[in-house]
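Given as structure tokens, the chain that follows is alone and in the form predicted alone.
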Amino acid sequence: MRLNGKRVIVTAAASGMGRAGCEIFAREGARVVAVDVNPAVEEVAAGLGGKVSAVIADLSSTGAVRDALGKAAASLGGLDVLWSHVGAAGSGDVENLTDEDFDFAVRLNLASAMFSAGAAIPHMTGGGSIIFTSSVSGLVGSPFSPLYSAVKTGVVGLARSLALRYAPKGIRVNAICPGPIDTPMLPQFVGRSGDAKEAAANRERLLAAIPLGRLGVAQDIANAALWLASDDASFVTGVALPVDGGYTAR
């Protein structure tokens, strides 16, 4: 088992990619704390036979990030892996963007990643792996959401900076950059106008831009996170890894 005995925290773990990560990490021998604002995270934990416990917390609050992750790491007796997966699509508009829209996007997509890392690192006394979820929109521009693209670009920069800062402590830091993934978040990207025909057309345009000819699924991203978490990636740090079916290869 690739994570046998590893102590892992996964945030945004109630559904989609985060849930798939909890399932795969537990199967590979890890003890996992699943964190999410959605109480359904308790059902995720209950369904995985005692290998996963749940913490309900709103990680858009920096104080809550520190509190939840500190308690989670303490309950595990230390920490080997953090997958900071929290994020939201946010506004697609810049003409009418509000302070509240901007602040929420920064808090949830970027600040939560930074504060999660800050809460995790003191518990990684024997080294470890931090994984952030960025996006292909953090590598190339997004026509659907300039704001999302901006904050996810920040996540890539954060990963690279922390990789340099904490390499002497044996802590690796990387970012996964998912392409179009068939999860509940995808309609938020393609259907912001509320027009069903426009949303369907946007989805088809995304699909046409993927050389492998399909949307990704949650397990594709969870498998990439598993690799980055494992000792198989022991010489990998500071990487922004596209998992996108070739979307960014053009």
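Here the structure is a predicted model, which means the values were calculated and not measured. Start at 1 and count along the sequence shown; that's the residue number.
The discussion below concerns the form predicted together with a small molecule, not included here.
- For the candidate set A26, A224, A45, A57, a heavy atom within 4.5 Å of the small molecule in the predicted complex is found for exactly one residue, namely A57.
- This chain is displayed without the small molecule, yet in the predicted complex the stretch 147-155 from 93-101, 147-155, 119-127, 167-175 comes within 4.5 Å of it by heavy atoms.
- Relative to the small molecule in the predicted complex, residues N4, G21 and S230 are all farther than 4.5 Å at every heavy atom.
- With a 4.5 Å cutoff on heavy atoms, T183 counts as touching the small molecule in the predicted complex.
- The shortest heavy atom separation between A209 and the small molecule in the predicted complex exceeds 4.5 Å.
- Contact check for L108: a heavy atom falls within 4.5 Å of the small molecule in the predicted complex.
- Among heavy atoms of P242, none comes within 4.5 Å of the small molecule in the predicted complex.
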